[in-house]
Structures are given as C-alpha cells and as structure tokens.
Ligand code: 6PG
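The chain that follows stands alone, in the form predicted on its own, written as structure tokens.
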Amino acid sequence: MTNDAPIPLAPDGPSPSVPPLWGRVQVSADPHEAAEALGSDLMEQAHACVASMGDFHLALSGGSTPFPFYQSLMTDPMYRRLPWDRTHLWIVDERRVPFDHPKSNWRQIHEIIVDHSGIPPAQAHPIEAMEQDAAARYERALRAAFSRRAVTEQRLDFVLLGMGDNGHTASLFPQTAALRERKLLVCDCDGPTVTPPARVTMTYPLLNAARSVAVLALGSEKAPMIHRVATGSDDFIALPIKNIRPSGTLVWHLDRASAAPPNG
C-alpha cells in the first residue's frame, strides 16, 4: 500500500500509517511482504531494461537489512527469471577493508549472489577498497560499462539503498565533504561522523541519475528517523538521505513498524 492510493483495512489489524515522504511510499505488513514488493519492482525493471537496452545495471547496498532479501533472490522460485546473464552488479559503497574481512560489503554480496546466480564474473564489479585510488578506479569501471549504451541511457537502472539511524545512506554521512560532491560519480568519505573504517561511496550525481531507486527501511528502530526525515526541517547535510532525489522513480519500502508514527 502506498501514499498515492487508498489504504484498505488489513485483516490482521488497523491500516498502517503512511509517512509523508517524497516519491512513492510502500508500507507492507512485515519484512517478508516488503521484500516481495521490492522484488516485484526489481524484476519489472530488470526485464524492461534488458528488453530495451540489452543489459541491466543493478547497484546493491550492504548492511544487515537487505541480506535476507538477497538470500531470497537466490532461493525463492519467483526470482528464477532474473536475467543475471545480462546484469552488471555494482556495489553502492564499501568499507576500506580487504575482500575477506567480516565487514566487507562485497564479501557478503559475493557469497550470497555472485557465487550462486551465474552472473558472468566480468559483470560483477567490486570496489577495490584497499587501493589508494579505489574511487577513481570504480568511476572508470562505471563509465566504461555505461559507454556501451546510448548517451542518454548511461546510468544505473536500479539502486537499492538503506538508511542509518543517523540519516546516512550509501556511505554519505552527515557533515562530510562527500555530500557536496557534484562532479565525481564515486568518492571517498571519512571524518568524525563516519562509523569506522573509512568508506568509498557512490555520490549524489550517480545515485540521483538512476532510473529507479528503492530505499529499504524496516523495523521499529527505523521509525524515529523515518518520521524525522518525513516531517523535520533538517537539510541533507544533517540527514544525507534527504538529498536522494532521483530523476527516475523513488520508492520507499517500509513495514508497519518502520512507518509507525512516534508513540503510535
């Protein structure tokens, strides 16, 4: 159920509230239903892009929230038709740690998706986070892959973002220089507000050029920040997710717990 359609009474309780966020807000009964709604959007976009352009550029985030969804992409029969052979898999951000480090986002995504999806190795694109010029290398890889398309289609097709308790998304943290980057597609992010270690992240210019962006925020611990983002007066320097304003579509995938108003 979304913020642009009537909300029927659910059989298992009252209708969920819909925070007044920009874009489309999809409030599901629970994390499983939210994952199904997200997966449906992903499937639709993947097949549309392959049909029209021959390939699909997908950027995924790390963190604990999306990993059950990633596992379902490999195990749920409804996703067997995902066109992995035509997909370029990118990572939204990475910690500056080796690939075999427990905190490596790519290690987890590789173990869940790359090892089991049949995606061609040349189409799985990690950030070489231990290289000094990791951000520049990743930008070159993105531009090289995009160059196979018409100029007007050189962008990510589907980006999955999360949201931290401090309002950060990707590795765009409050009060950091990365928030003001307007030319680079990928940059470093470090500073007092960044949870160590230092990061390499996609920037607003790349994320906001995407064809479709989904934000997955589940659970009651996300509710206070969802409410603050939806109703507060903070700018994007304080709450970086407030500057996710893609030229394409934006969908917030919430569950009842994360969408609940304070004291609701």
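This structure is a prediction, so every number in the text was calculated from the model and none was measured. Sequential numbering from 1, following the sequence displayed.
In what follows, reference is made to the form predicted together with 6-phosphogluconic acid, a form of this protein that is not presented.
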property: Contact assignment for 6-phosphogluconic acid in the model of the complex, among R86, R107, R95, R155, heavy atom within 4.5 Å; result: R95
property: Interface residue in the model of the complex among S52, S64, S220, S233, criterion: non-hydrogen atom within 4.5 angstroms of 6-phosphogluconic acid; result: S64
property: In the model of the complex, A178 touching 6-phosphogluconic acid (heavy atom, 4.5 Å); result: no
property: R199: touches 6-phosphogluconic acid in the model of the complex, heavy atom cutoff 4.5 angstroms; result: yes
property: V186 within 4.5 Å of 6-phosphogluconic acid in the model of the complex, heavy atoms; result: no
property: 4.5 angstroms heavy atom contact with 6-phosphogluconic acid in the model of the complex for A170; result: yes
property: Candidate stretches 202-210, 54-62, 37-45, 225-233, one within 4.5 Å of 6-phosphogluconic acid in the model of the complex by heavy atom; result: 54-62
